[in-house]
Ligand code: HEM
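In structure tokens, the next block holds one chain alone, the form predicted on its own.
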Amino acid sequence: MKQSKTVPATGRKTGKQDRGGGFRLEDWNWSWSPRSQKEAGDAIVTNFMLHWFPNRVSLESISIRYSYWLGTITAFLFFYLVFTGVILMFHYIPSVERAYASIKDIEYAVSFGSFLRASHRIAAHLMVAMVFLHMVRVFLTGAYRNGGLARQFRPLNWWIGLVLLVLTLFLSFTGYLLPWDQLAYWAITVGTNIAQAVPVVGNDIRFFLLGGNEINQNTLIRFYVLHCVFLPLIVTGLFLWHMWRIRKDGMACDDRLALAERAAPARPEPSKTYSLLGVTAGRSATVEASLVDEDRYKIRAVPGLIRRISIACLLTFALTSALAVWLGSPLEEPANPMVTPNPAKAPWYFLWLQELVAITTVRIGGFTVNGGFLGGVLIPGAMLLWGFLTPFLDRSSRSSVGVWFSRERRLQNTVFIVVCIAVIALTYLGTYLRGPYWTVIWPWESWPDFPPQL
């Protein structure tokens, strides 16, 4: 009797019988390196890690010139922060008496502790920058708008992205206090004082953040729990929702290709059955594909997309490691509430708020305009509200979705770019040009040496 050839679980026929049923690498690794179109499609369905990717992706959506892979870089930085943060948790002690000493141990006594701490710090700063740049990319390409395909609701994903931006800032802000040095202590002092300027509930917000009226053990343990547990869990949940919405809504550049290619409906093949219950009278059983010529514009996600993701993650890891070795992580003197740095500055990503507070604090005679409310609450609140309303204020056509600097969106893009440049300029001003007593010191002027305020 002739023996039939075996068909493994991967769905492909083997050229010869597997003698002895031994382990073979190709049977285990086939989903990551498929050797046929069928295996590439099966990989998306059968592999747990690959299941959240589409079967086919367009070349435009994975090109560098469209997205610059900012979302992928941000996701990698977040999970890298989780990885390094968990290791740091084994050595850190959230106590005002021992926090600074534990950071010194990590920096000088733990093997590779200095590199680990610097990598965590650099990755946190890069994540703030990447989330901001990712939001800029989405806005300038109009990717927050529906492109015309069925059941799209991209404004929801845009709102999720804005919430993730705010949570990223707070995630970095809560981690800023943990070293318990002078830089951390007074940066948190300035940041919580800005929050105190919120009308009616400002004092309550500051009391909730600090766990009292001053920065002490309650503040440290609250920031530690928020930074290590609650905020990462919320960010993870919103990130998964964000990715799911991308799968449901599709990439914005694909909508543009679909509009350009949908010149004629696809004709049904007579050999196929398009309905099991019949077709309603007056309608035809034509099928319109999102792209008329998918083979021309799309490739298999495996291995095309996976290779690009791997390259982006490896380059991000290399850059983070290089910056960690080059810049290190600063550690100043232990926190001392009795010695105030001159000037005392908020974390760099909140310096534009501190600058707005300083600029909008105006004294007219005996009357003083509250800059804490105007620059620290009203203006950023209006910016955030405008961001949430943007999908409904944009009246451009669907053909502008997924297009960089579309002419139809010239006004929106101009206003947005001006706001972004203003935020960056204020951040630069607060970081490099603000000297003692919050005076402006230009690059050609000498920096005065003032002692800390006692």
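From 1 onward, residues are counted along the sequence shown. In this text, all values refer to a predicted model and were calculated from it rather than measured experimentally.
One more form of this protein exists, namely the form predicted together with ligand HEM; it is left out here, but the text below deals with it.
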message = Between 186, 239, 223, 100, only one gets a heavy atom within 4.5 angstroms of ligand HEM in the predicted complex; which residue is that?
response = 239
remark   = In this chain shown alone, the residue from 316, 157, 172, 329 with a heavy atom within 4.5 Å of ligand HEM in the predicted complex is 157
message = Quick one: 75, 138 and 250 and ligand HEM in the predicted complex, is every residue within 4.5 Å by at least one heavy atom?
response = yes
message = Among the candidate stretches 422-430, 64-72, 392-400, 34-42, which one is within 4.5 Å of ligand HEM in the predicted complex when only heavy atoms are counted?
response = 64-72
query = Taking the shortest heavy atom distance, is residue 346 within 4.5 Å of ligand HEM in the predicted complex?
reply = no
query = So in the predicted complex, does residue 227 come within 4.5 Å of ligand HEM, heavy atom to heavy atom?
reply = no
ask   = Would residue 143 show up as a contact with ligand HEM in the predicted complex if we use heavy atoms at 4.5 Å?
value = yes
ask   = Quick one: is residue 168 in contact with ligand HEM in the predicted complex, heavy atoms, 4.5 Å cut-off?
value = yes
key: ligand HEM in the predicted complex - contacting residues of 105-127, heavy atom within 4.5 Å   = 127
